[in-house]
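There is one chain below, alone, in structure tokens, taken in the form predicted on its own.
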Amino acid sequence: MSGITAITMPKFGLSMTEGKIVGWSKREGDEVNVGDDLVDIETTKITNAFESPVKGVLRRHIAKRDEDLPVGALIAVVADAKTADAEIDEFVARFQAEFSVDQDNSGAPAAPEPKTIETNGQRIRYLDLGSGEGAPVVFIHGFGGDLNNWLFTQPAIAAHHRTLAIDLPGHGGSSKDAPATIAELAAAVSNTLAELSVARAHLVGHSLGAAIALQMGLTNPAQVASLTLIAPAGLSETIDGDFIAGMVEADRRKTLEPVLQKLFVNKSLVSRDMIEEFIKFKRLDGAKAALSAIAAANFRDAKQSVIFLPRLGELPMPVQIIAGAKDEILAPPDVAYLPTKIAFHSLEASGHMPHMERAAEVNALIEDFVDRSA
């Protein structure tokens, strides 16, 4: 039975313990290739498409639509077309007999928890995962996000590198009396890294976080080993003003859901829990004021206050840009205006959150780029 592959419930993020089958993208009998969307899975954070890890024929759906299953449970079987049904039946029966949630979880180390650090009078929350020689990989989220935005990416990169995901001031578990401009936020990230004794890092920034990474690359290049800019702000004049206003003002499910759906091509990826978590954040003391101040400083009247495009050629470190081809928030940069030394990747079927919609492709691009920039 060596040609039979078990497709199991994946673990999206360190805190995930189970997932729900939302719907299958492939039918029984369909041929699948590595990277094909296989099934949509809902977690407490997001609904995400799970991509096939293997090539073959999807011979069996084990999990049914709307079924909740623990991480590691068998959800499907892929094999070649010549494998007999009886062999697959035997494989499934043996897997189910040997699989035990309790056994799977016994002795497993507890998921690492975020920590906080004080720097310049501010509390900064961060998640430190992985280990390795060389400069760590530092993740900087976008406007209104937090370190959980990297739940599909940080654990994957942490398999071979030390990684740090930071809650920007005004966001997540960091202080809400936040600095507002990109330069001030970049200084806060730089100070946080210094406090953590990180002298040099590979920066991976998304949207506003990418603009902050660009600012750090220009003002303190010795601290930056490479830049990966995902759906970056700071490279064009305009931004979706309705989205920015909605992120600041919307505080109910009915008004917030269409705002968050702008982030994705597949609107169904926005789960009820994702909305509830954002509403919970908005109700924290100072959260709305912090978002409002950052929006006013950087995105007033749907215009971006800082444009880095003319200065990209000054960056001495390797730079790559990853953009969603169907981004509704920020138009992808015009490749004709980018320095030829900057690698540009446009991902189809992705909006403003390619690291959540096309996580496997983005993770591979980051891993390869960091390794080549070491």
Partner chain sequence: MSKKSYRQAINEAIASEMRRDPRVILMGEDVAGGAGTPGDQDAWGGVLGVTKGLVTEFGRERVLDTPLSESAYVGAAAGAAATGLRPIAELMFVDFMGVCFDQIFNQAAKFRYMFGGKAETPLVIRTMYGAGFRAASQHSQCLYPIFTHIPGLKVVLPSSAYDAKGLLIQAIRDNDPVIFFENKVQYDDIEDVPDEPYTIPFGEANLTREGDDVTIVAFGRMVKIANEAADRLEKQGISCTVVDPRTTSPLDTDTILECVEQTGRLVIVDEASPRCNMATDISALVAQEAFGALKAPIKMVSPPHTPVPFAPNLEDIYIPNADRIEKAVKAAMNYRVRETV
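Positions refer to the first chain, counted from 1. Quick caveat: nothing in here was measured; it's all calculated off a predicted structure.
Missing here is the form predicted together with its partner chain; even so, the following discussion is about that form.
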A289 within 4.5 Å of its partner chain in the predicted complex, heavy atoms: no
Partner contact for L284 in the predicted complex: its partner chain, 4.5 angstroms, heavy atom: yes
K82 within 4.5 Å of its partner chain in the predicted complex, heavy atoms: no
Heavy atom of R272 within 4.5 Å of its partner chain in the predicted complex: yes
Candidate stretches 128 to 136, 182 to 190, 166 to 174, 228 to 236 - the one whose heavy atoms come within 4.5 Å of its partner chain in the predicted complex: 166 to 174
Option touching its partner chain, based on a heavy atom within 4.5 Å in the predicted complex, out of R200, K262, R162, R123: R123
Residue among K303, K280, R94, K267 with a heavy atom within 4.5 Å of its partner chain in the predicted complex: K280
